[in-house]
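The chain below stands alone and is given as structure tokens, in the form predicted on its own.
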């Protein structure tokens, strides 16, 4: 039986009573049916909102339990099936729904995609329209150049200075700012972070040998401004089979892997940690795009990849989970 006595119970998936004897839940591994527990489930689920510990819920349920019912074991089974979670680790359940590239519900052609893009989003009721012009400002030219590159030049590789600039922009320590806490000063990064916890770690997959970097996997140290080659590394030959959204990695220089320690944020934000980390990873990727736009470097963000296979292949730290990838290289001239 799982040791979940101090857990704050949280319902992580939807369900419905199929009939008088069966409840059906929609978990990340498919539908799960539970029989002969409808009354118990109906009373239990409203209490599993993340605000109450297991022991408090069991105490509240005592008056409704039939003789011989082992609520401890029943709750542990719901944990094992992915129906319940602790509110401080609910990100594990949500993450499981998006770990691997989706199976597309419908194959959408380029023509259909263009039609969808042109279709207006739902409109709100308005009472006035005020016309504006885009002002001139420093970032305007860079934002106009920001784009995704899925084809790279056959010749050439990026220098280590270019790659270091890319990683610093994405998740580097700011040089002129410090955050003053009650207990001291802390460095701040180039992206905002929920609670200033900075749960992301960036890895570099160098796909080509250069004078400064050999092919392999490196961990980015934003404070020391260094790339630290991993002692244990897997084979990079099968990367293309784990990544969707790009035809070939052959001409790319490298890949940014943005990984996260979800538990670091969950200590403070519990069930809100998951979306906060996704936002933070998005900030890092946008910074990377802007740097590449200024330097005329090819870059594309990819979210379609096999998370477990990628982590196992690269031998990444077991406490970290990949969130998003960025492929970069010498931009192909039009």
Ligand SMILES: Cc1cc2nc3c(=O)[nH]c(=O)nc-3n(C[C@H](O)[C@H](O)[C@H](O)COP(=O)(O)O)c2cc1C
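Everything numeric in this text was worked out from a predicted model, so none of it was measured. Numbering follows the first chain given and starts at 1.
Only in words, not in the display: the form predicted in complex with the ligand, which the text now covers.
A.B. asks: Which residue, 159, 264, 92, 146, has a heavy atom that falls within 4.5 Å of the ligand in the predicted bound form?
C.D. replies: Selected option: 146.
A.B. asks: Under a 4.5 angstroms heavy atom criterion, identify the one residue in 245, 216, 165, 194 near the ligand in the predicted bound form.
C.D. replies: The residue from 245, 216, 165, 194 that makes the contact is 245.
A.B. asks: Which among 269-277, 31-39, 55-63, 303-311 is in contact with the ligand in the predicted bound form, heavy atoms within 4.5 angstroms?
C.D. replies: After filtering at 4.5 Å, what remains is 303-311.
A.B. asks: Does any part of residue 289 reach within 4.5 Å of the ligand in the predicted bound form? Heavy atoms only, please.
C.D. replies: Because a heavy atom of residue 289 falls inside 4.5 Å of the ligand in the predicted bound form, the answer is yes.
A.B. asks: I'd like to know if residue 187 sits close to the ligand in the predicted bound form, meaning any non-hydrogen atom pair within 4.5 angstroms.
C.D. replies: So residue 187 does not count as contacting the ligand.
A.B. asks: Using the partner position in the predicted bound form, report whether residue 208 sits within 4.5 Å of the ligand, counting heavy atoms only.
C.D. replies: Answer no; every heavy atom of residue 208 is more than 4.5 Å from the ligand in the predicted bound form.
A.B. asks: Does residue 150 reach the ligand in the predicted bound form if we count a contact as any heavy atom within 4.5 Å?
C.D. replies: Contact with the ligand, yes.
A.B. asks: Taking the ligand in the predicted bound form, which residues of 110-127 have any heavy atom within 4.5 Å of it?
C.D. replies: Residues within 4.5 Å: none.
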